[in-house]
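Before any questions on how it binds or moves, here is one chain, the form predicted alone, in structure tokens.
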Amino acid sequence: MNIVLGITGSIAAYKAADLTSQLVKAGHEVHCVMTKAATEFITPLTLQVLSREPVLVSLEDEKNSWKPGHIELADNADLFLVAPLSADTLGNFANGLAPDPLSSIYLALPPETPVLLAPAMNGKMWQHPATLRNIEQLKEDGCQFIDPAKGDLACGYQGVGRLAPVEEILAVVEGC
């Protein structure tokens, strides 16, 4: 399966390395697309080595072909997976905004491409009415969610907001 794996700005971004490695080991072709904020937590080089594919971070990275890379990735995706999904990117998706390659790919996906979103954020952010509205909009749009787990959060709080375990994400991917 050809998977576009989005990684956004969350401390959980480091788990994308394990997720990428496991997906490749399972025989999937993985194309990582990072938001600029994600690069503060994990480097594109790490994901490039694990995926064996170039990593897209900015639209300036798309100078290698006449066809924009984000359109080509959208056209060829069998699955669009974002793990972790930040509140910021969730809001961009729900409101049709495309300030970066990841959001642009989301908007350019063919309607039949499955979208799997695994949020990770502070529990108060996860439960905020604006976030809940955005989640409902994305569900209406056909997106599937892997809800965050409960436990210790990077901000020092306890509660819901942790990225779902990599094993759980992998199981859902295999079911797609």
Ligand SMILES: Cc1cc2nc3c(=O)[nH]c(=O)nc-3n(C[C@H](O)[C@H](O)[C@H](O)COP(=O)(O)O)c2cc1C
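Please read all numbers here as calculations on a predicted model, not as lab measurements. One rule holds for the numbers: they count along the sequence shown, beginning at 1.
Below, we turn to the form predicted in complex with the named molecule, even though it does not appear here.
Peer 1: Can you say which of 37 to 45, 108 to 116, 144 to 152, 24 to 32 gets within 4.5 Å of the named molecule in the predicted bound form, counting heavy atoms only?
Peer 2: In short, 37 to 45.
Peer 1: Would all three of G9, A120 and M125 be in contact with the named molecule in the predicted bound form, where contact means some heavy atom lies within 4.5 Å?
Peer 2: Per the other structure, all of G9, A120 and M125 touch the named molecule.
Peer 1: Taking the shortest heavy atom distance, is A87 within 4.5 Å of the named molecule in the predicted bound form?
Peer 2: Close contact exists here: in the predicted bound form, A87 approaches the named molecule to within 4.5 Å, heavy atoms only.
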